[in-house]
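One chain comes next, on its own, written as C-alpha cells: the form predicted alone.
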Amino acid sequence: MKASKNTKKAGILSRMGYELALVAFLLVWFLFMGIMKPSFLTLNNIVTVLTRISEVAIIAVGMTVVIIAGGFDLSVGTVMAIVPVVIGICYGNGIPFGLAVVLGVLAAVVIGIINGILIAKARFQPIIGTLATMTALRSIIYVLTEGKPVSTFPKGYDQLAHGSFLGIPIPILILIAVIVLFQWIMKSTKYGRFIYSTGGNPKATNIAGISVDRITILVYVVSAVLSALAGIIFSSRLISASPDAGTNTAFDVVTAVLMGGTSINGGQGNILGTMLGILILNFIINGFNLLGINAYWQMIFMGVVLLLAIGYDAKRRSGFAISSLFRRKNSDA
C-alpha cells in the first residue's frame, strides 16, 4: 500500500515537473522573442493570438477528454465545418436563428453518437472509425454547399467573434469558461474519474460496474459539441461558413494535446497541460511569422514536435512498465 502511494505521488510530481518545464520553455520563448521582436510582447499581439487560437483550444479540450478515455477523433475539423453550414442553410431557408443553432448543435451530437457507436459497439479502431466519419462529413459539406461559402447569417453574428465584455474578447471568455468547466469535471467529479478509468484500464472499469461503452459514446459527443462551438465562433469571425474550414485542425489539436502531456494510450493527461501545449505551439508560430520564417519550415516544426511528444509518451510508458515490473518482483521476493 505504501509503495503504491509513493508511486502515485512520484507520478504526480513527474507530471508537475513536465508542466513546469513547459511553462519555463514558454517564458524563455517570450524573453527571446521580446529581444528579437519587441512587438511580440505588446498586449495587442498577445490578445490577438489568444483570440485567434480560441477555436483550436476549445476543440483541444474535447480531444483531451477523448484521448484520456483511450480514443481518438479525426473528425473534429469536419464537425467544426459542418455545424455552421447547417446553421447558415437553415437560417437562409427561413428557420429562426435560435432554432437553426439548436439544429446545428443537434447535428454535432448525432455525429458524436455515431462516432461513439462505431468505436464502442462496432469495435472500429478510433482512427479508422473517425477517419470514415471525417471523409463522409467532408463530402456531405461539399454536397450541401456546392463548394461555396455559406453567408446567410443574421446581422450582428460577427459580434460573437469580434465583440468583447469588460474589455476581454468574447472568444477568450468562452475558452476560459470551457477550460474551467472541464478541468472541474475531469478532476472533481465521478464522470472525470470514469473517463480516466476507461482509458487506463477498461476491463477493470467494466468489472467495477461502469459502462465503458457509455463513457466512450459520451466523450465523442463532448468532442463533437465542443467542435461545434469552435465552428460557430470561427464562422462568426468570417461571417460565413467555409466548406474548407478545419482541414488541418485535427493535426494541430493532437500535436498540442500530446505535447501537453496527455498519453496517446489513454488514462493520463489534463486540460491545463493541453492549454500549455496550445500556447507554446501558437506563440512559436506567431514568433516565426514575425521573424519572417517560411510557412513550410513551420510545418516541419509541427511535425517534429508531434514526433517528440509521441516519443516522450512512449518513453514515459516504457519507464512506468519497467518500474512496475521491478516493484512486482520485489514484492514477490
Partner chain sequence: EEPAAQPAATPAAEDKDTSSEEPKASDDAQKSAADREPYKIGIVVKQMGAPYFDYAAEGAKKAAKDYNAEIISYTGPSSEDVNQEITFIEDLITQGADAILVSTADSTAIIPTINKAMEAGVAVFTFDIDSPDSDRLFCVTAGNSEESGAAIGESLVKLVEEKGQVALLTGGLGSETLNRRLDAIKGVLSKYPDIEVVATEACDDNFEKCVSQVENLIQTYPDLKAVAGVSSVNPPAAAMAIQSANKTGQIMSIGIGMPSQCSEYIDAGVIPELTLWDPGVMGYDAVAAAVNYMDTGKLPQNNEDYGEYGGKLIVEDNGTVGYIPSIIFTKENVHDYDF
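The structure presented is a predicted model; accordingly, all values stated were derived computationally and were not measured. Residue numbers count along the first chain shown, from 1.
Here the subject shifts to the form predicted together with its partner chain, a form of this protein not shown in this document.
Interface residue among Val180, Ile239, Ile168, Ile95 relative to its partner chain in the model of the complex, by the heavy atom within 4.5 Å criterion: Ile239. Heavy atoms within 4.5 Å of its partner chain in the model of the complex belong, among the stretches 291-299, 27-35, 272-280, 58-66, to residues of 291-299.
Residues Gly17, Tyr18 and Gln159 are none of them found to lie within 4.5 Å of its partner chain in the model of the complex, as judged by heavy atom distances. Contact annotation for Asp244: at least one heavy atom lies within 4.5 Å of its partner chain in the model of the complex. Not displayed here, its partner chain is approached by Gly147 to within 4.5 Å at the level of heavy atoms in the model of the complex.
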